[in-house]
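Just the one chain here, laid out as structure tokens, in the form predicted on its own.
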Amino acid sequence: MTRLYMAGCGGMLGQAFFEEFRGDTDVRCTDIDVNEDWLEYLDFRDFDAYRKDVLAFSPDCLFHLGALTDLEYCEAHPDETYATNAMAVENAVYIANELDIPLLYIGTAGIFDGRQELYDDWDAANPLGTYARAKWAGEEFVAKNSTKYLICRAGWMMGGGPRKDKKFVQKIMRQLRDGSVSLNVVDDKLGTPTYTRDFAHNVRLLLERRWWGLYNMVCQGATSRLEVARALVTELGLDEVVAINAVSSDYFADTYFAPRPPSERLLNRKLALRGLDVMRPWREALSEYLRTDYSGYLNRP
């Protein structure tokens, strides 16, 4: 594949895909938020504009990357969420099928209800809130209607650095940069981190082998929010400076009111059976991420 069209490429995962493929592939990257000089404007909810731009580029593969990922925003804006996270995915399927090219869709661990501790590629989804329901609708549509597709499910995403990471690692890092010496972190949410750079590379390997289908794609090692926070503070050498207080999710109920499963832990069972799981242990990935993207970020003794 020599020409890739990446829609919704302005976020943390889009950054990783651009870095992974730009060296040896002709890429066109679009987003509604043009925050890089290598991005062009496109709202992929506009089917006619989306189709026109993709057909003009004539790619070998279509990556549909973007989504609304703030669960509280999604809960408060259901119509916008379904238009962005479900119906825009249908647009991508129609376009990829017209060109007879494969489609990459990014799934999420959030589609499960958390009643199990671990979920593999074949476990049944049961989405809880608006975000999860819309993402599951997108995944189902791709699987049922695409000619050739990859669905790669991510977990707790980390990547993109201070500019693009809007997830857990950046929220903790911002508190530390602001001088916090006491962090309240939930102890009742389980999951698996996903390092965007490893994710993008693992997708490349699947594309090169043309192994279509659905794959869980998360870092090795199940964990919790509390354990990730502790590992982050240790990696930064702040164990003696910063206290981490374990709290229940009820502590943040007013801020984080959208439904979340108690466990979003994924197993890369299918990747492992294929012999193609190159996702590193989450602690190793977190260490690299902090060294490469947050060097000099903390202004504290």
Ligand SMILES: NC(=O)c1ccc[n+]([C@@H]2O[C@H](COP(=O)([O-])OP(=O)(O)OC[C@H]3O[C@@H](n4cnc5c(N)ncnc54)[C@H](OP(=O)(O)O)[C@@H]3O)[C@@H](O)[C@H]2O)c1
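Position 1 is the first residue in the sequence shown; the rest follow in order. Note that the structure is predicted; figures quoted are calculated from it, not measured.
A second form of this protein, the form predicted in complex with the ligand, is not displayed here; the remarks below concern that form.
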property: Three-residue site L42, A67 and K166 fully in contact with the ligand in the model of the complex at 4.5 Å by heavy atom; result: yes
property: Among 147-155, 176-184, 201-209, 95-103, the region lying within 4.5 Å of the ligand in the model of the complex by heavy atom distance; result: 147-155
property: 4.5 Å heavy atom contact, D53 and the ligand in the model of the complex; result: no
property: Contact of A285 with the ligand in the model of the complex (heavy atom, 4.5 Å); result: no
property: Contact flag, N216 vs the ligand in the model of the complex, heavy atom cut 4.5 Å; result: no
property: F112: touches the ligand in the model of the complex, heavy atom cutoff 4.5 angstroms; result: no
property: Neighbours of the ligand in the model of the complex among 119-154 [non-hydrogen atom within 4.5 angstroms]; result: Y131, K135, A154
